[in-house]
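A single chain comes next, written as structure tokens; it is the form predicted on its own.
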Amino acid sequence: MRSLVSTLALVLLIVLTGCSPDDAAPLLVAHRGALAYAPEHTREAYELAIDQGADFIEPDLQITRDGVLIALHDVTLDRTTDVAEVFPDRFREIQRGDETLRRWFAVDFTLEEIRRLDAGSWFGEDFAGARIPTLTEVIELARGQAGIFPETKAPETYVEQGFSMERLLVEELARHGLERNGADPETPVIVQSFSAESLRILREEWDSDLPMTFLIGGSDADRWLTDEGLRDVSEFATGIGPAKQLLLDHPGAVAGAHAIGLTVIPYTFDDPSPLELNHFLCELGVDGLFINNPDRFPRDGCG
């Protein structure tokens, strides 16, 4: 495994320049923490990811009723917490086809209320009592040990609640002295989003010079994974994060992105085989991976 010093030197090079040299080792981004082994977006998952050598840990962002950024994948709390037991009457009813569903939205709860929720028991008894961390807590945990790769998750859903996720993120990073590119070489920051508009807001309205990765799902591939689409991406981001299958379907995308200075970090690798990892890292030449199993990430290079 690389030493912390050499890892951070590589991360800083990629963060500052926007792309890695041909002989640089790719980045290990722990997807929601060590998701394969611990409940996602908990301190336990992030600590394990760092112990397993993660270059970056990834907090997806949601917003509480009192305007605090928390690490949570869904806009709702019911999949990964016991919110239905703790607050049985605090749901919203939503219609999905002919079915009426009950959902507990994070933005309907204060941070104090969310701190009461068990975010670990659903994964396993050993994690009972795990809590949803704030972005502040994630930064403090990672500081000097790994970078953070926050995602503005569904930011448009919070506008009607009076919140700008982009503003909250910039302000939170500023409180920790991390709002500018290269501010702390030991704790680099790369922002990601499926929302091109969110990244544009960060770049244009908040004058952010942080590296930004534009996430690309299957329905958007034909728009973005073309020469013209990649050039459009380069106007508001420094890299792309496509679903891994898209790179198999568009084999020229990596070279096309690299040709205009965009990094390529595909998602998500869960229980990957050495053959799969070798194909993406060594044959396609991606700059890193979002992976659920940080301990399976190869550090011995491409021979």
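None of these values were measured; they are calculated from a predicted model. Heads up: residue numbers just count along the shown sequence, starting at 1.
One more form of this protein, predicted in complex with a small molecule, exists but is not displayed; see below.
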{"query": "Touches the small molecule in the predicted bound form: Ser234 (any heavy atom, 4.5 Å)", "finding": "no"}
{"query": "The small molecule contact in the predicted bound form: His73, any heavy atom under 4.5 Å", "finding": "yes"}
{"query": "The small molecule contact in the predicted bound form: Glu44, any heavy atom under 4.5 Å", "finding": "no"}
{"query": "Close approach of Thr268 to the small molecule in the predicted bound form, 4.5 Å, heavy atom", "finding": "yes"}
{"query": "Options 244 to 252, 47 to 55, 270 to 278, 26 to 34; stretch whose heavy atom lies within 4.5 Å of the small molecule in the predicted bound form", "finding": "26 to 34"}
